[in-house]
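Read on for two forms of one protein chain; each stands alone as structure tokens, with the labels structure 1 and structure 2.
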Structure 1
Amino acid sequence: MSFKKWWLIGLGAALLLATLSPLASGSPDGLERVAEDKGFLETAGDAPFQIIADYVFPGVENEALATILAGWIGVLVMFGAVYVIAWAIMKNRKTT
């Protein structure tokens, strides 16, 4: 199997998980749930910036759909960053 097919399989799996996780649990953010259960959620500070606050895409009424959209955006942003880094490393190896 080619290298690009593995990338596409990984992207598809990540998008599938981002789609299913909000439907599988009412608390898809495990760290926040643990903080809530252990009683120290109130001590958390605000993030220095928020692109999609509370993992909910703004302007979408359905909370599950808004969470899925936020997850897809997160997956695509991280996938793009990792892909560019991997591409740069591979290009550097070919030239040296």
Structure 2
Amino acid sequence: MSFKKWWLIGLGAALLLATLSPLASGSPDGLERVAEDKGFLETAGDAPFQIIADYVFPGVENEALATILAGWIGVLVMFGAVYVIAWAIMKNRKTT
């Protein structure tokens, strides 16, 4: 298998995982659980702005679909952003 095919399959696996994200446990995570049990959860502040808050794409009625959309956007944004960052770091070395 070519390297390009290999990492494209990896990217596809990431999109597939994001598609499964509505199945994730909705229970509080480790830190949230500790904060609740030890009585400091209420000190958590709200974010000053919201874009795709809590991985739910705004304006989509179906919550599973809204979560999947948020996941796909995240996967593509992360791939693109880190690809460009890594490429820029490599390029910068070659020109200096």
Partner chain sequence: MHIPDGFLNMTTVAATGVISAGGISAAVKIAAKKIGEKQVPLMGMLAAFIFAAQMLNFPVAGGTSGHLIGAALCAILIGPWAGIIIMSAVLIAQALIFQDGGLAALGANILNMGIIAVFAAYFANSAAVSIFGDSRQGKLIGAAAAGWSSVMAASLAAAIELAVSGASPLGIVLPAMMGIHALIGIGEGLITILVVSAVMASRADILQLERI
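Computed from a predicted structure; not experimentally measured. Here, rigid core means the biggest group of C-alpha atoms that superpose within 1.5 Å across both forms. Reference numbering: structure 1, starting with residue 1.
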Between structures 1 and 2, the form predicted in complex with the partner chain is number 2
By the 2 angstroms cut-off, has the C-alpha of residue 84 moved between structure 1 and structure 2 once the rigid core is superposed?
yes
